[in-house]
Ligand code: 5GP
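The chain below stands alone and is given as structure tokens, in the form predicted on its own.
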């Protein structure tokens, strides 16, 4: 908290292909800092998806940070390593500005000068709430709505294993404090653009199931046909996690540079974070991701071989879903 109190012009960075937790937590902190008289900047290398663009302050995001930017602190939000800034963070800043990390990923290696990492928290919105209250700002109204976005999206509408009594109490308190619960559900979780729906249809048509493992692929050519840009987060990982027969799922999306974005999910008792970590990515036991080199078929075979080991050796067979 000391770094934020001393700072006047902090730069808050959200990760590429931003999700609700990254954007909600970043905008909540921005509102709190403005409330105490500071002048924060917010940045994300990719544009915000339509289901997050309505949030207060969403139009203030920079996709490029000027070379002569006037800042005195960098805050990395909801990311497990510096690569996740998407190139916004500059090495020349390392000796000039302190780096504060606020995150909840289990694979975070504490890469900041100061690290607030709660690896068992359901979302970065949880430690972010503590930060905001620590600044002397009430987590209410617009701030509460932003934090609700983080909690509700990262728990898939309060349906994940991380939805603890503490999370339910936090959601209740945010609603009581003026957070727009129904608005978040309708405008974020239940807001699926037409192009996304079409891409889901194509991806589901390519869905495969092998024993307890399900996966699908979306090639670069199919993305171009569907007019899907690289920054467009299709949320395929969460969609595939519903396959009843699968303990582990994976979505493989080919990027325009030839790399493959991999989103993995698992049921209780299975750990996909180990696979993501081994491939240079990160995340949690039940939800993790990485980017690997192509071509697509090679990447699929490489990742599936590792996931087969996960299926064969569950970390907690007692709690796994039959």
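Numbering follows the first chain given and starts at 1. In this text the structure is predicted, and so the values were computed from the model without any measurement.
One more form of this protein, predicted in complex with guanosine-5'-monophosphate (5GP), exists but is not displayed; see below.
Check: For residue 287, is any heavy atom within 4.5 Å of guanosine-5'-monophosphate (5GP) in the predicted complex, or not?
Finding: Yes, residue 287 sits close enough to guanosine-5'-monophosphate (5GP) in the predicted complex that at least one of its heavy atoms falls within 4.5 Å.
Next item on the list: Report whether the minimum heavy atom distance between residue 80 and guanosine-5'-monophosphate (5GP) in the predicted complex is within 4.5 Å.
Entry: Contact check for residue 80: yes, within 4.5 Å of guanosine-5'-monophosphate (5GP) in the predicted complex.
Checklist line | 4.5 angstroms heavy atom contact with guanosine-5'-monophosphate (5GP) in the predicted complex for residue 220 | finding: Because no heavy atom of residue 220 falls inside 4.5 Å of guanosine-5'-monophosphate (5GP) in the predicted complex, the answer is no.
Notebook entry, point to check: Can residue 264 be called a contact residue for guanosine-5'-monophosphate (5GP) in the predicted complex at 4.5 Å between heavy atoms?
Noted result: Yes, contact at 4.5 Å.
Item checked: Contact assignment for guanosine-5'-monophosphate (5GP) in the predicted complex, among 63, 274, 291, 60, heavy atom within 4.5 Å -> After the contact test, the surviving option is 291.
Checklist line | Among 64-72, 256-264, 29-37, 293-301, the region lying within 4.5 Å of guanosine-5'-monophosphate (5GP) in the predicted complex by heavy atom distance | finding: Contact-bearing stretch, as computed: 256-264.
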